[in-house]
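What follows is one chain in structure tokens, specifically the form predicted alone.
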Amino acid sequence: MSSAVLTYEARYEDVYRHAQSLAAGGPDWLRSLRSAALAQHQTLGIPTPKNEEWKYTPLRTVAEMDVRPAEPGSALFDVTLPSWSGSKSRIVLVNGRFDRNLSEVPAVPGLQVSSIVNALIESDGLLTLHLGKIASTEDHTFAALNTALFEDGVVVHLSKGAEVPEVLEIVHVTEGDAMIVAPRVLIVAEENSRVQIVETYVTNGNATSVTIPVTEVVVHPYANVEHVRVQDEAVTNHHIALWQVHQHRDSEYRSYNVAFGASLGRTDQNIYLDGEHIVTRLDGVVVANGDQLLDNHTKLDHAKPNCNSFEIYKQIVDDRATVVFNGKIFVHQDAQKTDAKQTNQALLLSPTATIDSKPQLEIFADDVKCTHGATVGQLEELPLFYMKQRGVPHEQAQAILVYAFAAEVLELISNDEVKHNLEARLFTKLGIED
């Protein structure tokens, strides 16, 4: 075996056997998709830090777990299912399986929500057209494993001109130990549709499993999608995700990645701008403390001219935690008049906290405006001193400065209730009263 992958096959034997059984059933296109994905995963293996893309994210604990396929979870949870917006529209998946009893789908003209199992039974053409076609598994070993393993998931389809008035919340619950949980989400926004989605990952109890979600999003011309993703799993769990988006011309997609949880958390977010006059936001707030390691790899892929993308990542790191950021902007030769801006800023609250930041630009067009920047710093003593001189307690003064740092991203979220609840969760994560 190559030194670029870890030895793990014996521990994953039950998982592979289950994946092979899944690949033996279903329609021809799905069997082919699963078989190819399993072969890709077994070829790629679990990478070591010698692999440049995983240099700062050691996966030995994942490779050394004796894991089994995810089992159906219960409907009784110790964790309170989140509702960031207060919306009644909520889709719940437990261990990757759509739970109809816990879900409430709004009756909105043009909105169709179904489980992947039902969509397969009904031979939904969306699946054959998009499932596994948006998310690239060739370079992402865990996305390949998800494709081989997922048994259910959710399909959200907005037909032409559909508008969803309430925030649509998707809640993923991981329950149980030593499992590989493979949630799958497909979101398709047809021409001139509009929706706000909050997708959340939580853990029931202090589970130690590996959650490997894949979310695929297709945004058609003139569609407008705002997508908030909150990773708030238990700090005993492992979370390794792929979030892939394909945008068509004249569309707008605004994404906000908020990461609080997991012992080891990694999210790869890739957005392909496949048309002119596209507007894209790819922003994030990451808060890590204790011994957490949270890694975010992003890629904005400009394929066509006259598009604008904006990326702001704010990271708050405390105790002995480590945060990794790798942000790529790729501008193809034909993508003239591209305007792409990337900013990565990290705030270290402890002398033992670590940030590894690697912004990247690859530009093959000559008429572009592309900028990137990365800064790392600590809370300044002077503002803290001034606030304490005016009677503000130290913890509250620190909370104000930390929130001011993160607010540049959180305030971009259009729904005020989502924004306020994420702010309150930020303070709780930092051990500070709101």
Partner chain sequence: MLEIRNLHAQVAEAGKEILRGIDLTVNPGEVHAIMGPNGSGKSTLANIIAGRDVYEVTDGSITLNGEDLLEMEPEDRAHKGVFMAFQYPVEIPGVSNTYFLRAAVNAKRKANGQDEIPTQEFMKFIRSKIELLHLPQDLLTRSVNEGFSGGEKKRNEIFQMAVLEPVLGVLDETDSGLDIDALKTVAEGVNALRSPERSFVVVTHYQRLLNYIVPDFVHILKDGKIVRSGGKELALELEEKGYGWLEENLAGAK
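Because the structure is a prediction, the values reported are computed rather than measured. Numbering follows the first chain given and starts at 1.
There is another form of this protein, the form predicted in complex with its partner chain, and it is not shown here; the text below is about that form.
The chain is drawn here without its partner chain; in the predicted complex, the stretch among 62-70, 39-47, 381-389, 364-372 whose residues come within 4.5 Å of it by any heavy atom is 381-389. By the criterion of a heavy atom within 4.5 Å, R31 is excluded from the residues contacting its partner chain in the predicted complex. In the predicted complex, at least one heavy atom of P393 sits within 4.5 Å of a heavy atom of its partner chain. Residue contact with its partner chain in the predicted complex: F427 places a heavy atom within 4.5 Å of it. Proximity of V376 to its partner chain in the predicted complex falls outside the 4.5 Å heavy atom cutoff.
Contact residues in stretch 399-430 (any heavy atom within 4.5 Å of its partner chain, taken in the predicted complex) are I400, L401, A404, F427.
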